[in-house]
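Presented as structure tokens, the chain that follows is alone, the form predicted on its own.
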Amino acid sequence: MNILVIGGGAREHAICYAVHQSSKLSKLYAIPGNYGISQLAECHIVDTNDFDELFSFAIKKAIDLIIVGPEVPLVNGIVDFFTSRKIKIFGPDQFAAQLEGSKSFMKDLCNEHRIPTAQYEKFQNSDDAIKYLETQSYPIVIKADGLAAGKGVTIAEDFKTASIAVQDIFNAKFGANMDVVIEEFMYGEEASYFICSDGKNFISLISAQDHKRIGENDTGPNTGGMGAYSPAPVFTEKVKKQVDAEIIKPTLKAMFDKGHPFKGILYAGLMIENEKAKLVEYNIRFGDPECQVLMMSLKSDLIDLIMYSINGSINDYDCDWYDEDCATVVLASKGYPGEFIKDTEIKGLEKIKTSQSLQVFHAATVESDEKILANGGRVLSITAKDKSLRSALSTIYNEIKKIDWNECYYRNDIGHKALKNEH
């Protein structure tokens, strides 16, 4: 099969890594890709928002399957576009993509179907939102009602911080014309749970835990994710049964009943307290950096999983995983998620000997004059699996020391919650 992966981050590099191992692959393309992806796929620069141009490319290269990494094209209707033109594409349609694209759509669906989640209110102007904040207890959660690349969420400890967060959203800091969703703060431990659905049925993939905050001990502003590990010990079998019954099944049934069955990867961000989970948010694709640990942990052929989903026969698929712990640590440009210097040189990557147990996934790298340069915020994901989480992380941090990059920042405490609870 000729396969096209859309996206240019470490998530897409991880997807390309998994696809590259498939016996079904004939030729792999990526749009736009990055330096790391270019080692596995033929990369092309095409505007991912220009579906007609993407379609011309797909016809020219005889593409059999498109895998969409990021959420924006999904929310913009890329699946509807290609499905109507009889090209196989993996992901939900535009209506179903609102589960991630619109916080209020997701919260209203939870309300309607009694799916456990935080109490919330939605506001279309700052005056009403700030009046509401004056009556609330703290901490409280402020969210931009739209796609904000993982950064449109503020956990406000006091009224002043909350009101600034509200003003930021209405001043279009995270994008134009966004409403504000204000939620109660949920206590507990977060986990990410992934399922793959064919619109009617689903199979469970695995759990992971992301580290959203920039600073160690989960401090500072939110980012797109500074690291992850899998499986998440907090996501027990008991929690999984509750989440499947009270969150996943009602959501899939609701989308089916609305005439827009959810096909693709559904990723539930959960808050778990006393072995009881509530839904924080949905993502409609593989997470980033969770995808990196998922793709390293997947023993089965990713293309098989995707085709069973597209063809509506996911119940017949038996997905196999390596019985190991896996972790990833994100190396970012110093200053991220604020201002940072672009085009800084990364040396020493050739000293890392990659294998089935160790990979360097690129997120924002380019090659220029035979040098590898960092040209974004989150730049590399060093990913390893081993018989224990502690040994996987030990490998990662040892390998990071081989990289010579002055403008590098990373967290030294990825996996700290799981390690703390180890006996």
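These numbers come from a predicted model, not from an experiment. The first residue of the shown sequence is 1; numbering continues from there.
Only in words, not in the display: the form predicted together with ligand AMP, which the text now covers.
The closest heavy atom approach of Met307 to ligand AMP in the predicted bound form falls outside 4.5 Å. Although the partner is absent here, Glu184 sits close enough that one of its heavy atoms falls within 4.5 Å of ligand AMP in the predicted bound form. Although the partner is absent from this view, Gln167 stays clear of ligand AMP in the predicted bound form, with no non-hydrogen atom inside 4.5 angstroms. The closest non-hydrogen atom of Ile214 lies beyond 4.5 Å of ligand AMP in the predicted bound form. Screening Asp145, Asp93, Glu281, Asp325 for any heavy atom within 4.5 Å of ligand AMP in the predicted bound form leaves a single hit, Glu281. Put simply, of Val79, Leu99, Ile206, Met271 only one has a heavy atom within 4.5 Å of ligand AMP in the predicted bound form, and it is Met271. Comment: 153 to 161 is the region of 313 to 321, 83 to 91, 153 to 161, 294 to 302 lying near ligand AMP in the predicted bound form, near meaning a non-hydrogen atom within 4.5 Å. For the three marked residues, Val141, Glu190 and Asn222, a heavy atom of each sits within 4.5 Å of ligand AMP in the predicted bound form. Residues of 102 to 133 placing a heavy atom within 4.5 Å of ligand AMP in the predicted bound form, in sequence order: Lys103, Ala118.
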